[in-house]
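A lone chain, given as C-alpha cells: the form predicted on its own.
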C-alpha cells in the first residue's frame, strides 16, 4: 500500500537520508514535496516528488536497506508515474554516477540529459560513497510520462 504523506514528513528522515545523505539538502525540498510511503508489513520505501517550474522531479527515492532488491522502488516508480500521468509531460531526477543505479533508472525508460560536474564534492559537506564509488558528478535523467 502506498500513502501520500501530508504531515509529519520529518518522521521519514531516517529513510530519506538513505537517498540523500545531507539533511540540509533534504530540507530544501521536503516541505514542498509530495512524499509517498510504501508499506508492506511496515515502511519499506519513500519517494519525494516536487514540481520544478512545471516539470515533475523525483528528489529522493529510498528503500530500507533490509528490503532492497525486492521490487519496492520499482513499485514506487510505477505508482508515481501513474499518479502524475496526464498532469505532467515528463519526469526528471538527478543521481550519482553509479552504474547499477543508472541501469535501474534506464530500465524504466529514463535517458541521460546532462551532468553537473563535481556536484557531490562541492554541495555536500562530506564525501558521498555509493556502491563503493565516490560520487562526483550529478547525472540528470528524464523520461516521458
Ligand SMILES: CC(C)(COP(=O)(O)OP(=O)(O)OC[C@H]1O[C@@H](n2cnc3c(N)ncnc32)[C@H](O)[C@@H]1OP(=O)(O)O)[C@@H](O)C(=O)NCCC(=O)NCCS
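Predicted model, so just to flag it, every value in this text is computed and none were measured. Numbering follows the first chain given and starts at 1.
The discussion below concerns the form predicted together with this ligand, not included here.
Among heavy atoms of residue 130, some come within 4.5 Å of this ligand in the model of the complex. Remark: residue 66 does not count among the residues lining this ligand in the model of the complex, judged by a heavy atom distance of 4.5 Å or less.
Under a 4.5 angstroms non-hydrogen atom cutoff, this ligand in the model of the complex lacks residue 36 among its neighbouring residues. By the criterion of a heavy atom within 4.5 Å, residue 30 is excluded from the residues contacting this ligand in the model of the complex. Only one of 49 to 57, 80 to 88, 109 to 117, 93 to 101 places residue heavy atoms within 4.5 angstroms of this ligand in the model of the complex, namely 93 to 101. In the model of the complex, the residues of 3 to 26 lying within 4.5 Å of this ligand by at least one heavy atom are, in order, 18, 19.
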